[in-house]
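Starting off, we have a lone chain in the form predicted on its own, written out as structure tokens.
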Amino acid sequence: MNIVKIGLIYLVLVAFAYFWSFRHNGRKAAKAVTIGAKSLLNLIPLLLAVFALVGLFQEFLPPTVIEQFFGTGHRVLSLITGGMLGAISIGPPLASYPIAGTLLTAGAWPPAVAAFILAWISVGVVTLPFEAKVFGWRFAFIRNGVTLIAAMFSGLLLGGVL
């Protein structure tokens, strides 16, 4: 199904939910609209940055480069690259999905892309010093290492399903 169609389906479902909410309790529905609008305004800068980054990926990273580092030709290297790139990436998980979609479109191996997303969400190389300060260096290194391995293994499993 096309992403535009999925987006329209979500919009229709949300519109029905708000219609029902306004009929059921107009004051709470109005408060929900205000909260939703504030959330949207807070997300706009992030969304613009993510889509600009996706544009850079599509324009400056030719599919041959993506296939070389993320393709099926070097599966182990692709999986490690995907996991490591996700581990050093920063930002909310929402930002990883358009980038992952670009990688898949350019010919990346699905397990490597799954490892990229899972590592982005669960491994915290950038936040390692803070985590170490709170929990200790040993714990932080072990947790990040185990999580990175788990992200790559899960990528393989998800790749088998896809």
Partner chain sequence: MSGVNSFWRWLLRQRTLWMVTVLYLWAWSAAPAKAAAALSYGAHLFASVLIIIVAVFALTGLIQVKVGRDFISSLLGHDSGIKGLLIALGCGIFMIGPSYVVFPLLMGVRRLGARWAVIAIVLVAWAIKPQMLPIEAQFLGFPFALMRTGLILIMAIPLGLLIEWLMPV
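Residue numbers count along the first chain shown, from 1. Since we're looking at a predicted model, the values are computed, not measured. Rigid core: the largest C-alpha set superposing within 1.5 Å between the two forms.
What comes next is about the form predicted in complex with the partner chain, which does not appear here.
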{"item": "Interface membership of Ala106, the partner chain in the predicted complex, 4.5 Å heavy atom rule", "value": "no"}
{"item": "is_contact(Ile90, the partner chain) in the predicted complex, heavy atom dist at most 4.5 Å", "value": "yes"}
{"item": "4.5 Å heavy atom contact, Val125 and the partner chain in the predicted complex", "value": "no"}
{"item": "Residues of 11 to 36 having any heavy atom within 4.5 Å of the partner chain in the predicted complex, listed in sequence order", "value": "Leu11, Val14, Ala17, Tyr18, Trp20, Ser21, His24, Asn25, Lys28, Lys31, Ala32, Ile35, Gly36"}
{"item": "Threshold 2 Å Cα movement between the shown form and the other one for Val50, core superposed", "value": "yes"}
{"item": "Did Val146 shift 2 Å or more between the shown form and the other one, C-alpha, core superposed", "value": "no"}
{"item": "Rigid-core frame, C-alpha of Gly26, shift of 2 angstroms or more between the shown form and the other one", "value": "yes"}
{"item": "Direction of the Cα shift between Thr127 and Pro45 in the predicted complex, where the change is 3 Å or more", "value": "closer"}
{"item": "Cα distance between Val54 and Ile149, which in the predicted complex differs by 3 Å or more from this form, closer or farther", "value": "closer"}
